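Just one chain is shown here, as C-alpha coordinates, and it is the form predicted alone.
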(Lines give C-alpha, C1' and ligand atoms only; values in the text may rest on other atoms or scores of the structure.)
Protein backbone atom coordinates (compact mmCIF):
# COMPACT_ATOMS: atom_id res chain seq x y z
CA UNK A 1 0.00 0.00 0.00
CA UNK A 2 1.29 3.52 -0.72
CA UNK A 3 2.01 5.90 2.12
CA UNK A 4 -0.48 8.71 2.54
CA UNK A 5 0.36 12.37 2.97
CA UNK A 6 2.58 13.23 5.92
CA UNK A 7 0.61 16.47 6.43
CA UNK A 8 -0.33 17.08 10.04
CA UNK A 9 -3.82 18.17 11.11
CA UNK A 10 -5.45 19.46 14.23
CA UNK A 11 -8.73 17.76 15.06
CA UNK A 12 -10.66 20.89 14.05
CA UNK A 13 -8.73 21.19 10.78
CA UNK A 14 -9.84 17.69 9.80
CA UNK A 15 -13.44 18.80 9.94
CA UNK A 16 -12.95 22.22 8.40
CA UNK A 17 -11.12 20.84 5.37
CA UNK A 18 -14.09 18.57 4.51
CA UNK A 19 -16.91 20.82 5.73
CA UNK A 20 -17.87 18.59 8.66
CA UNK A 21 -19.63 20.28 11.60
CA UNK A 22 -18.15 18.85 14.78
CA UNK A 23 -20.14 18.43 18.01
CA UNK A 24 -19.57 20.90 20.83
CA UNK A 25 -20.46 20.81 24.56
CA UNK A 26 -23.77 22.38 23.51
CA UNK A 27 -24.61 19.45 21.22
CA UNK A 28 -27.08 17.42 23.28
CA UNK A 29 -25.94 13.98 22.11
CA UNK A 30 -22.29 14.79 22.88
CA UNK A 31 -22.43 17.04 25.94
CA UNK A 32 -21.10 14.37 28.31
CA UNK A 33 -18.18 13.29 26.10
CA UNK A 34 -15.08 15.41 26.60
CA UNK A 35 -14.08 15.98 23.01
CA UNK A 36 -12.07 19.03 24.03
CA UNK A 37 -9.19 16.64 24.74
CA UNK A 38 -8.89 16.20 20.97
CA UNK A 39 -8.66 19.89 20.14
CA UNK A 40 -4.93 20.52 20.38
CA UNK A 41 -3.56 17.19 19.15
CA UNK A 42 -1.89 17.02 15.75
CA UNK A 43 -2.49 13.91 13.65
CA UNK A 44 -0.97 12.33 10.57
CA UNK A 45 -2.71 9.93 8.22
CA UNK A 46 -1.56 6.37 8.93
CA UNK A 47 0.84 4.57 6.59
CA UNK A 48 0.34 0.87 5.94
CA UNK A 49 2.18 -1.80 7.92
CA UNK A 50 3.07 -5.45 7.34
CA UNK A 51 2.81 -6.35 11.02
CA UNK A 52 -0.01 -8.45 12.44
CA UNK A 53 -1.68 -8.16 15.83
CA UNK A 54 -2.24 -10.66 18.64
CA UNK A 55 -5.12 -13.17 18.46
CA UNK A 56 -7.71 -14.53 20.92
CA UNK A 57 -7.33 -18.12 22.19
CA UNK A 58 -9.71 -19.82 19.75
CA UNK A 59 -9.88 -20.56 16.06
CA UNK A 60 -11.24 -17.86 13.79
CA UNK A 61 -10.97 -16.59 10.24
CA UNK A 62 -8.84 -13.47 10.64
CA UNK A 63 -8.46 -10.22 8.76
CA UNK A 64 -5.60 -8.14 10.20
CA UNK A 65 -6.15 -4.38 9.89
CA UNK A 66 -2.99 -2.46 10.80
CA UNK A 67 -3.06 1.35 10.93
CA UNK A 68 -6.37 1.25 9.09
CA UNK A 69 -5.07 -0.91 6.21
CA UNK A 70 -5.79 -4.58 5.53
CA UNK A 71 -2.57 -6.55 5.95
CA UNK A 72 -1.94 -9.09 3.18
CA UNK A 73 -4.59 -10.75 1.03
CA UNK A 74 -8.22 -11.13 2.00
CA UNK A 75 -8.93 -14.71 3.14
CA UNK A 76 -11.25 -17.06 1.30
CA UNK A 77 -14.10 -18.16 3.57
CA UNK A 78 -16.93 -20.46 2.59
CA UNK A 79 -20.23 -18.58 2.66
CA UNK A 80 -18.57 -15.15 2.70
CA UNK A 81 -17.80 -12.68 -0.08
CA UNK A 82 -15.09 -10.14 0.78
CA UNK A 83 -14.18 -7.06 -1.23
CA UNK A 84 -12.99 -3.50 -0.74
CA UNK A 85 -15.67 -0.82 -0.67
CA UNK A 86 -15.82 2.14 -2.99
CA UNK A 87 -18.79 4.04 -1.53
CA UNK A 88 -20.94 4.21 1.60
CA UNK A 89 -24.30 2.43 1.86
CA UNK A 90 -26.26 5.10 3.71
CA UNK A 91 -26.38 8.85 4.07
CA UNK A 92 -25.93 10.12 7.60
CA UNK A 93 -25.43 13.39 9.44
CA UNK A 94 -23.39 11.77 12.19
CA UNK A 95 -20.30 14.03 12.38
CA UNK A 96 -17.71 11.29 12.72
CA UNK A 97 -19.36 9.12 10.06
CA UNK A 98 -19.08 12.10 7.72
CA UNK A 99 -15.43 12.52 8.67
CA UNK A 100 -14.96 8.79 8.15
CA UNK A 101 -16.35 9.04 4.62
CA UNK A 102 -14.23 12.08 3.82
CA UNK A 103 -10.92 10.62 5.03
CA UNK A 104 -11.63 6.92 4.49
CA UNK A 105 -8.39 4.96 4.83
CA UNK A 106 -9.88 1.69 3.64
CA UNK A 107 -13.01 -0.41 4.08
CA UNK A 108 -14.52 -3.82 3.53
CA UNK A 109 -17.74 -5.16 2.09
CA UNK A 110 -18.60 -8.40 3.91
CA UNK A 111 -21.48 -10.37 2.41
CA UNK A 112 -22.60 -13.46 4.31
CA UNK A 113 -24.73 -15.98 2.47
CA UNK A 114 -24.27 -19.16 4.53
CA UNK A 115 -23.98 -20.34 8.11
CA UNK A 116 -20.38 -19.65 9.17
CA UNK A 117 -18.60 -22.39 11.07
CA UNK A 118 -16.04 -20.10 12.72
CA UNK A 119 -16.06 -16.47 13.88
CA UNK A 120 -14.73 -13.81 11.53
CA UNK A 121 -12.21 -11.71 13.45
CA UNK A 122 -11.46 -8.14 12.36
CA UNK A 123 -8.18 -7.60 14.19
CA UNK A 124 -7.47 -3.85 14.30
CA UNK A 125 -4.19 -2.59 15.72
CA UNK A 126 -2.02 0.52 15.51
CA UNK A 127 1.77 0.73 15.27
CA UNK A 128 2.30 4.34 16.46
CA UNK A 129 6.05 4.75 15.73
CA UNK A 130 6.19 7.86 17.98
CA UNK A 131 3.69 9.71 15.77
CA UNK A 132 0.09 10.70 16.34
CA UNK A 133 -1.67 8.74 13.63
CA UNK A 134 -5.32 8.75 12.70
CA UNK A 135 -7.27 6.34 10.53
CA UNK A 136 -10.84 5.87 9.31
CA UNK A 137 -12.15 2.40 8.50
CA UNK A 138 -15.63 1.38 7.36
CA UNK A 139 -17.33 -2.00 7.01
CA UNK A 140 -20.45 -2.81 5.06
CA UNK A 141 -21.80 -6.06 6.53
CA UNK A 142 -24.73 -7.75 4.77
CA UNK A 143 -26.24 -10.89 6.26
CA UNK A 144 -28.40 -12.36 3.52
CA UNK A 145 -31.64 -14.21 4.14
CA UNK A 146 -31.32 -17.27 6.44
CA UNK A 147 -27.58 -16.75 7.01
CA UNK A 148 -25.84 -16.73 10.38
CA UNK A 149 -22.44 -15.44 11.46
CA UNK A 150 -20.25 -14.26 14.31
CA UNK A 151 -18.09 -11.20 13.76
CA UNK A 152 -15.57 -10.08 16.37
CA UNK A 153 -13.80 -6.72 16.35
CA UNK A 154 -10.64 -6.42 18.44
CA UNK A 155 -8.85 -3.09 18.88
CA UNK A 156 -5.33 -3.09 20.33
CA UNK A 157 -1.98 -1.37 19.77
CA UNK A 158 1.69 -2.22 19.35
CA UNK A 159 4.08 0.07 21.19
CA UNK A 160 4.09 2.45 24.15
CA UNK A 161 1.08 2.45 26.47
CA UNK A 162 0.92 6.26 26.19
CA UNK A 163 0.74 6.24 22.38
CA UNK A 164 -1.58 8.91 21.01
CA UNK A 165 -3.71 8.20 17.92
CA UNK A 166 -7.28 8.51 16.68
CA UNK A 167 -9.36 5.58 15.34
CA UNK A 168 -12.70 6.34 13.67
CA UNK A 169 -14.78 3.26 12.77
CA UNK A 170 -18.14 2.91 11.03
CA UNK A 171 -20.07 -0.35 10.58
CA UNK A 172 -23.09 -0.36 8.26
CA UNK A 173 -24.95 -3.60 8.97
CA UNK A 174 -27.96 -5.03 7.16
CA UNK A 175 -29.61 -8.19 8.49
CA UNK A 176 -32.11 -9.68 6.08
CA UNK A 177 -35.11 -11.92 6.85
CA UNK A 178 -34.39 -14.81 9.24
CA UNK A 179 -30.67 -13.99 9.36
CA UNK A 180 -28.62 -13.91 12.56
CA UNK A 181 -25.55 -11.87 13.43
CA UNK A 182 -23.60 -12.09 16.68
CA UNK A 183 -21.33 -9.06 16.87
CA UNK A 184 -18.70 -8.81 19.60
CA UNK A 185 -16.17 -6.07 20.27
CA UNK A 186 -13.12 -5.66 22.51
CA UNK A 187 -11.65 -2.16 22.74
CA UNK A 188 -8.28 -1.89 24.50
CA UNK A 189 -6.61 1.08 22.82
CA UNK A 190 -3.54 2.85 24.19
CA UNK A 191 -3.76 5.12 27.24
CA UNK A 192 -3.84 8.37 25.23
CA UNK A 193 -5.66 7.08 22.16
CA UNK A 194 -9.07 8.25 21.00
CA UNK A 195 -11.64 5.85 19.62
CA UNK A 196 -14.98 6.68 18.01
CA UNK A 197 -17.20 3.92 16.60
CA UNK A 198 -20.68 3.97 15.06
CA UNK A 199 -22.69 0.82 14.30
CA UNK A 200 -25.78 1.40 12.11
CA UNK A 201 -27.90 -1.75 12.04
CA UNK A 202 -31.06 -2.46 10.03
CA UNK A 203 -32.96 -5.69 10.84
CA UNK A 204 -35.61 -7.24 8.63
CA UNK A 205 -38.40 -9.71 9.44
CA UNK A 206 -37.41 -12.30 12.08
CA UNK A 207 -33.79 -11.19 11.91
CA UNK A 208 -31.63 -11.33 15.04
CA UNK A 209 -28.75 -9.14 16.19
CA UNK A 210 -26.78 -9.91 19.35
CA UNK A 211 -23.95 -7.60 20.37
CA UNK A 212 -21.56 -7.26 23.28
CA UNK A 213 -18.85 -4.63 23.71
CA UNK A 214 -16.11 -4.57 26.34
CA UNK A 215 -14.22 -1.29 26.65
CA UNK A 216 -11.06 -1.05 28.73
CA UNK A 217 -8.71 1.34 26.96
CA UNK A 218 -8.36 4.78 25.37
CA UNK A 219 -8.41 8.36 26.61
CA UNK A 220 -11.75 9.06 24.92
CA UNK A 221 -13.86 6.22 23.56
CA UNK A 222 -17.43 6.29 22.32
CA UNK A 223 -19.21 3.14 21.16
CA UNK A 224 -22.50 4.13 19.54
CA UNK A 225 -25.12 1.72 18.25
CA UNK A 226 -28.15 2.72 16.18
CA UNK A 227 -30.64 -0.05 15.39
CA UNK A 228 -33.74 0.00 13.18
CA UNK A 229 -36.11 -2.92 13.76
CA UNK A 230 -37.84 -2.84 10.38
CA UNK A 231 -39.56 -6.23 10.18
CA UNK A 232 -42.01 -8.06 12.43
CA UNK A 233 -40.29 -10.57 14.70
CA UNK A 234 -36.96 -8.70 14.55
CA UNK A 235 -34.89 -8.84 17.76
CA UNK A 236 -31.86 -6.98 19.09
CA UNK A 237 -29.75 -7.65 22.20
CA UNK A 238 -27.26 -4.87 22.93
CA UNK A 239 -25.11 -5.53 26.01
CA UNK A 240 -21.87 -3.93 27.14
CA UNK A 241 -19.36 -3.62 29.96
CA UNK A 242 -16.66 -1.04 30.59
CA UNK A 243 -13.75 -0.82 33.01
CA UNK A 244 -11.83 2.40 33.35
CA UNK A 245 -9.35 4.29 35.46
CA UNK A 246 -7.06 7.32 35.19
CA UNK A 247 -8.85 10.23 33.53
CA UNK A 248 -10.49 8.36 30.65
CA UNK A 249 -13.96 9.04 29.26
CA UNK A 250 -15.84 5.98 28.00
CA UNK A 251 -19.21 6.59 26.36
CA UNK A 252 -21.81 3.94 25.50
CA UNK A 253 -24.64 5.37 23.41
CA UNK A 254 -27.59 3.43 21.98
CA UNK A 255 -30.57 4.38 19.85
CA UNK A 256 -33.05 1.60 19.14
CA UNK A 257 -36.04 2.24 16.89
CA UNK A 258 -39.02 -0.12 16.84
CA UNK A 259 -40.79 0.73 13.60
CA UNK A 260 -43.18 -2.24 13.28
CA UNK A 261 -45.23 -4.49 15.59
CA UNK A 262 -43.95 -7.61 17.39
CA UNK A 263 -40.31 -6.57 17.77
CA UNK A 264 -38.02 -6.97 20.79
CA UNK A 265 -34.94 -5.26 22.17
CA UNK A 266 -32.98 -5.55 25.40
CA UNK A 267 -29.97 -3.72 26.79
CA UNK A 268 -27.79 -4.46 29.82
CA UNK A 269 -24.77 -2.22 30.41
CA UNK A 270 -22.49 -2.30 33.45
CA UNK A 271 -19.48 -0.15 34.25
CA UNK A 272 -16.66 0.03 36.79
CA UNK A 273 -15.11 3.49 37.16
CA UNK A 274 -12.02 4.46 39.16
CA UNK A 275 -9.57 7.36 39.45
CA UNK A 276 -10.95 10.55 37.95
CA UNK A 277 -12.48 8.68 35.02
CA UNK A 278 -15.83 9.55 33.50
CA UNK A 279 -18.41 7.02 32.35
CA UNK A 280 -21.31 7.91 30.07
CA UNK A 281 -24.41 5.97 29.09
CA UNK A 282 -27.07 7.41 26.80
CA UNK A 283 -29.80 5.00 25.75
CA UNK A 284 -32.95 5.69 23.77
CA UNK A 285 -35.81 3.32 22.92
CA UNK A 286 -38.24 4.69 20.33
CA UNK A 287 -41.60 2.98 19.72
CA UNK A 288 -43.32 4.13 16.51
CA UNK A 289 -47.10 4.76 16.50
CA UNK A 290 -47.98 1.40 14.89
CA UNK A 291 -45.39 -0.73 16.70
CA UNK A 292 -47.86 -2.56 18.97
CA UNK A 293 -46.97 -5.63 21.07
CA UNK A 294 -43.35 -4.53 21.19
CA UNK A 295 -40.95 -5.18 24.06
CA UNK A 296 -38.01 -2.92 24.91
CA UNK A 297 -35.92 -3.08 28.09
CA UNK A 298 -32.87 -1.13 29.18
CA UNK A 299 -30.77 -1.29 32.35
CA UNK A 300 -27.52 0.47 33.24
CA UNK A 301 -25.54 -0.04 36.46
CA UNK A 302 -22.18 1.35 37.55
CA UNK A 303 -19.75 0.95 40.44
CA UNK A 304 -17.64 3.96 41.45
CA UNK A 305 -14.29 3.01 42.95
CA UNK A 306 -13.23 6.52 44.01
CA UNK A 307 -14.76 9.79 45.17
CA UNK A 308 -13.48 11.51 42.02
CA UNK A 309 -15.00 9.04 39.55
CA UNK A 310 -18.01 10.34 37.60
CA UNK A 311 -20.96 8.79 35.81
CA UNK A 312 -23.57 10.46 33.59
CA UNK A 313 -26.62 8.42 32.61
CA UNK A 314 -29.39 9.52 30.27
CA UNK A 315 -32.03 6.83 29.61
CA UNK A 316 -34.92 7.75 27.33
CA UNK A 317 -38.20 6.14 26.31
CA UNK A 318 -40.19 7.56 23.38
CA UNK A 319 -43.45 5.61 23.19
CA UNK A 320 -46.10 6.47 20.60
CA UNK A 321 -48.07 3.19 20.68
CA UNK A 322 -50.31 1.33 23.13
CA UNK A 323 -50.02 -2.34 24.06
CA UNK A 324 -46.23 -2.32 24.54
CA UNK A 325 -43.88 -3.43 27.33
CA UNK A 326 -41.01 -1.05 27.95
CA UNK A 327 -38.78 -0.32 30.91
CA UNK A 328 -35.54 1.41 31.77
CA UNK A 329 -33.47 1.67 34.91
CA UNK A 330 -30.20 3.08 36.18
CA UNK A 331 -28.24 2.69 39.41
CA UNK A 332 -24.76 3.47 40.70
CA UNK A 333 -22.95 2.78 43.94
CA UNK A 334 -19.81 1.45 45.61
CA UNK A 335 -18.42 -2.02 46.17
CA UNK A 336 -20.13 -3.77 49.06
CA UNK A 337 -17.99 -3.00 52.13
CA UNK A 338 -19.37 -5.93 54.11
CA UNK A 339 -18.36 -8.35 51.36
CA UNK A 340 -14.91 -6.77 51.19
CA UNK A 341 -14.52 -7.07 54.95
CA UNK A 342 -15.65 -10.71 54.86
CA UNK A 343 -13.08 -11.67 52.21
CA UNK A 344 -10.26 -9.74 53.88
CA UNK A 345 -11.04 -11.40 57.21
CA UNK A 346 -10.36 -14.71 55.49
CA UNK A 347 -6.92 -13.73 54.26
CA UNK A 348 -7.73 -12.31 50.84
CA UNK A 349 -5.81 -9.12 50.02
CA UNK A 350 -7.74 -5.90 49.44
CA UNK A 351 -6.97 -5.58 45.71
CA UNK A 352 -7.69 -9.24 45.05
CA UNK A 353 -10.97 -8.98 46.97
CA UNK A 354 -11.99 -5.93 44.92
CA UNK A 355 -11.20 -7.76 41.69
CA UNK A 356 -13.28 -10.76 42.75
CA UNK A 357 -16.27 -8.50 43.41
CA UNK A 358 -15.79 -6.64 40.14
CA UNK A 359 -15.62 -9.90 38.20
CA UNK A 360 -18.80 -11.14 39.84
CA UNK A 361 -20.52 -7.82 39.18
CA UNK A 362 -19.77 -7.90 35.44
CA UNK A 363 -20.45 -11.60 34.98
CA UNK A 364 -24.14 -11.35 34.11
CA UNK A 365 -23.39 -9.17 31.08
CA UNK A 366 -20.90 -11.76 29.81
CA UNK A 367 -23.02 -14.84 30.51
CA UNK A 368 -25.51 -13.63 27.90
CA UNK A 369 -22.93 -14.10 25.13
CA UNK A 370 -24.16 -17.06 23.08
CA UNK A 371 -20.81 -18.46 21.96
CA UNK A 372 -19.06 -20.29 24.81
CA UNK A 373 -15.56 -19.72 23.35
CA UNK A 374 -16.13 -15.98 23.08
CA UNK A 375 -17.79 -15.89 26.50
CA UNK A 376 -14.77 -17.51 28.20
CA UNK A 377 -12.41 -15.17 26.34
CA UNK A 378 -14.22 -12.09 27.67
CA UNK A 379 -14.07 -13.50 31.19
CA UNK A 380 -10.29 -13.67 30.82
CA UNK A 381 -10.14 -10.12 29.44
CA UNK A 382 -12.04 -8.73 32.42
CA UNK A 383 -9.70 -10.35 34.94
CA UNK A 384 -6.54 -9.51 32.96
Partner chain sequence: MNRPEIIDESGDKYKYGFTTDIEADTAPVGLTEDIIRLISRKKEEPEWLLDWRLKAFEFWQTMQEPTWAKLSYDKIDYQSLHYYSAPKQKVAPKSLSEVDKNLLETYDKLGIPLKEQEALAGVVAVDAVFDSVSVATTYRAKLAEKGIIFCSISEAIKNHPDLVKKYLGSVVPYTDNYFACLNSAVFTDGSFVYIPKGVKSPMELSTYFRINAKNTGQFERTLIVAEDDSYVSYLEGCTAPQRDENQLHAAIVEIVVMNNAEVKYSTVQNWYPGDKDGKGGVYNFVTKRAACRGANSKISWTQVETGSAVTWKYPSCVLQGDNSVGEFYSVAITNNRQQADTGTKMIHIGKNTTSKIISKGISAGFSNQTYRGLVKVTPQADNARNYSQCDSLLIGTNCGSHTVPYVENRNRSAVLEHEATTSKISEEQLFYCQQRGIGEEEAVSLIVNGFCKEVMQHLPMEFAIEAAKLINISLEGSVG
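Numbering follows the first chain given and starts at 1. The model shown is predicted, which means the values in this text are computed figures rather than measured ones.
In what follows, reference is made to the form predicted together with the partner chain, a form of this protein that is not presented.
Note on contacts: among 97, 272, 149, 313, the single residue with a heavy atom within 4.5 Å of the partner chain in the predicted bound form is 313. Checking 359, 327, 40, 339 for any heavy atom within 4.5 Å of the partner chain in the predicted bound form turns up a single hit: 327. Only one of 341-349, 66-74, 316-324, 41-49 places residue heavy atoms within 4.5 angstroms of the partner chain in the predicted bound form, namely 316-324.
Contact between residue 331 and the partner chain in the predicted bound form is found at the 4.5 Å heavy atom cutoff. In the predicted bound form, no heavy atom of residue 196 sits within 4.5 Å of the partner chain.
Using a 4.5 Å cutoff between non-hydrogen atoms, residue 309 counts as a contact of the partner chain in the predicted bound form. Although the partner is absent here, residue 28 is a contact residue: one of its heavy atoms lies within 4.5 angstroms of the partner chain in the predicted bound form.
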